[in-house]
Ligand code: WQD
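Before any questions on binding or motion, here is one chain by itself as structure tokens, the form predicted on its own.
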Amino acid sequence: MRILVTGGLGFIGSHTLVELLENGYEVIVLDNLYNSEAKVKEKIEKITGKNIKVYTEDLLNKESIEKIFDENKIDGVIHFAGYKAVGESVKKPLMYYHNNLMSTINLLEIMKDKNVKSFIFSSSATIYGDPGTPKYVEELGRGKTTNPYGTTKAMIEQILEDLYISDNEWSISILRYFNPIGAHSSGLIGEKPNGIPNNLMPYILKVASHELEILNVFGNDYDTPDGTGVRDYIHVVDLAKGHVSALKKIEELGKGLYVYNLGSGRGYSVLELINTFERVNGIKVNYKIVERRAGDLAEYYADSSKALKELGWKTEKTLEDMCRDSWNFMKKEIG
């Protein structure tokens, strides 16, 4: 089975490519390198011992994408490509709506025309908004999102639901991620954001490596065990394996629309993550407590029991693994 992976050289995409290749799938990669690097291709090939074909194209260029489908027999698509920085989305909402929605619509229109109707979508826990409970189950459905990035994810989910209603020949799996961190055990691939990081672990890494001076911890007066925000962190390799499980499920069941949370099922506080990182790696992370950020929730975590029951998937790696593998990748990057 040959899978087109959009955004395949990015953080989650690259780890998923490794898992796909190691599970016997053929892959075609599409990535415009907006938030990734071309050299990731060689690193994936080094890890897997397999060559991959990469197209440096943009999903907004419909003619180029049609050509990829014409040149390759594609059986299904895993769609990672899209802008993903929450803060940037608030400052540049039109850019996010245009890119994330139009690129997805272009892709789905081409797939429909070429009769390729197997699709896995990279969604997010942000679609739940603030449901009034820290434990997120799929049945909660989409809530009021708090930023344009999250809204694009929710809107694409709605598009996919409407598409399936209009044509139930599709096999669609929507995967709602929680907070992926960590890196491949080889240290060759991991998360390397451009500029100032938007997420906690990349920021910790830049402070630990002295690229940034100090980490701001936003609030220590939440109703949580240590007062700092609690999130569900998941190792990126576990997350990548979730995509393989979802793909196998689509192959087994065929037509349908499936929705799954992919998370560890428990929450870790900001200070718990920092303290674990320091203990596992023997390194100090300078931080200071500052005021809360508007829109941040005190606590949320996944109920991933549906993924366990229907996909046979669950996380295997610990918070210690996430911290160790993240720093191992960073050390190799900085030499």
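Numbers for residues come from their place in the sequence shown, where the first is 1. All of these numbers come straight from a predicted model, not from anything done at the bench.
Not pictured, yet referred to below: the form predicted together with the ligand.
Stretch 78 to 86 is the contacting one of 133 to 141, 156 to 164, 78 to 86, 248 to 256, since its residues have non-hydrogen atoms within 4.5 Å of the ligand in the predicted complex.
Taking the partner from elsewhere, Asp296 is found to have a heavy atom lying within 4.5 Å of the ligand in the predicted complex. In the predicted complex, none of the heavy atoms of Pro148 sits within 4.5 Å of a heavy atom of the ligand.
At a distance threshold of 4.5 angstroms between non-hydrogen atoms, Tyr300 is in contact with the ligand in the predicted complex.
Among residues of the shown chain, Leu59 is not one whose heavy atoms approach the ligand to within 4.5 Å in the predicted complex. Distance criterion of 4.5 Å from any heavy atom to the ligand in the predicted complex singles out Leu200 from the list Val116, Leu101, Leu200, Val244. Exactly one listed residue, out of Thr152, Ser264, Asn179, Asn261, brings a non-hydrogen atom to within 4.5 Å of the ligand in the predicted complex: Asn179.
Within 4.5 angstroms of the ligand in the predicted complex, the stretch 213 to 248 places a non-hydrogen atom from each of Leu215, Asn216, Val217, Phe218, Gly229, Arg231, Tyr233, taken in sequence order.
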